[in-house]
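Next up is one chain by itself, shown in structure tokens, the form predicted alone.
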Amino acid sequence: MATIELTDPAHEVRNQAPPLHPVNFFDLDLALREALAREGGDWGLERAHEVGSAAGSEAALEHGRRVERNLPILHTHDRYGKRIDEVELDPSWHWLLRGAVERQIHSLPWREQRPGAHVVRAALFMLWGNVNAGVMCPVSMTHAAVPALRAAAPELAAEWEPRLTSSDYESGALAGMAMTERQGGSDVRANLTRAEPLGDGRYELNGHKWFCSYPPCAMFLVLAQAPAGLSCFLVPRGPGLEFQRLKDKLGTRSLPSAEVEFHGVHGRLVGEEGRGVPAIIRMVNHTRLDCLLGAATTLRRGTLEAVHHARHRSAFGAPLVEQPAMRNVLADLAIESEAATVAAMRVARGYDDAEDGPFRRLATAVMKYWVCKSAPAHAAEALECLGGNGFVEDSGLPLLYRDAPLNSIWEGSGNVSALDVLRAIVKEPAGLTAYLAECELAAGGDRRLDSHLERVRARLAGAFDQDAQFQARHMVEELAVALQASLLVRHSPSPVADAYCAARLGGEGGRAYGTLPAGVDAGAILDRALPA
């Protein structure tokens, strides 16, 4: 007599994509691998492979989940009423931050002053950023504090740099920053915090800051009003630095960001009195690069998750990745991600080459604006590719979506970045010359790019009339896609470059993702985005 085996439909799991982890984020990212070698960082290939493997491990995934579940807690006083201002952090936070420090992601160019160091560090930053976006904030600020101190306060650099660049997590030091106040936001010249001179380069600070990232830092660069005007100070963590509360944020919730008051805290002048913005701008330029890198990581991770899901999920009788409408969406996400990666790595090379300074100055502002502005919409589309599964926390896409807007706000929101581009073009015209020269290295490679560059030059010729600020974002967008298209034409496979130029420059695509024109080679694009 035949036996009939019955299955329990309530517990049988069908048609669900398997977990992406464990995975090596570097080995799967062909665009990043090629850019690392091309931009002078080929000596870092082995390091990038190790970081990509560690970031994609099951352990890293679980630590990343834990820090989002167990949020930081501020303890202002101990049980006896003594002021302590300590932040309680989950052990997984320390695991993640220690991993970045021990791999020198916070210090590599300063410890290993060799060609391509910024490029290698950029790749490592992007790879480790897959673990948790919040943990990359203190990594970025610590890295960026070093050039600021070197330029404006060599004696403070000599004192602090050994600790700031140490790969020993326990004995080293991390750097933070405190610029924003309630009444000013990006308008730091409206700051009210006062700094009274005590002599010998020391000052007493009194006031508040509306945002102070990562209170456990050993030192902070702070802007305050000195007798000669807005100045920059190095403020060690200690008595008089009182944290009021942690911010309840939309994203990067694992990262404690605080409101802080200064009550007679002592600081040391960085640079000259009244020259606070020039003193701290070197730090800001490096953190802006990291905003670009972080946004490029968001685009890459969203693409990876969406393509992986579509290859393993079926609907209406075929895998999603074979459905024409879905193929269009996925290919569109992929070309935007690759464009962000190649641009981010090219900008990073600008920090390795002193002669590339004019290009670096303008390109950092342009690409920080554009890639960071692209990230939220890209994350939303990647989430939608997973359907209802993408709306569930376990997929990781809600976290990606919540974190995506931050880099566009941090270190200058969209308008601030766009206006900074205008100022740079006027004050440092050599930057625009270098930027356009880089774009024109692909001249003749694609007619749509050639036509776009002609339009950009014509637009720039009349850019500084009374409507310049009103049109600032449009101008920056035109510059950004020109550089991305040029890099793709020169360095990426023709299916990727052709699809990008058609959709972004040729007017053949629509306004939403998934509107690439007919004729693009979606199969080749997807095979490159996630090698089988």
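Residues carry their position along the shown sequence, with the first being 1. In this text, all values refer to a predicted model and were calculated from it rather than measured experimentally.
Separately, the form predicted in complex with a small molecule exists; it is not shown, and the next lines address it.
Undergrad: Where does the small molecule sit in the predicted bound form: which of 305-313, 159-167, 416-424, 71-79, heavy atoms within 4.5 Å?
TA: In the other structure, the partner sits against 416-424.
Undergrad: Counting only non-hydrogen atoms and a 4.5 angstroms cut-off, does D332 reach the small molecule in the predicted bound form?
TA: Answer no; every heavy atom of D332 is more than 4.5 Å from the small molecule in the predicted bound form.
Undergrad: Does S374 reach the small molecule in the predicted bound form, with heavy atoms at most 4.5 Å apart?
TA: Judged by the heavy-atom cut-off of 4.5 Å, S374 is well away from the small molecule in the predicted bound form.
Undergrad: Are any of the heavy atoms in V392 no more than 4.5 Å from a heavy atom of the small molecule in the predicted bound form?
TA: V392: no contact with the small molecule in the predicted bound form.
Undergrad: Does H94 make contact with the small molecule in the predicted bound form, using a 4.5 Å heavy atom cut-off?
TA: Flag for H94 set to no.
Undergrad: So which of T297, S140, S254, S213 reaches within 4.5 angstroms of the small molecule in the predicted bound form, heavy atom to heavy atom?
TA: It is S213.
Undergrad: Please tell me which of A339, V135, L241, L406 lies within 4.5 Å of the small molecule in the predicted bound form, judged by heavy atoms.
TA: It is L406.
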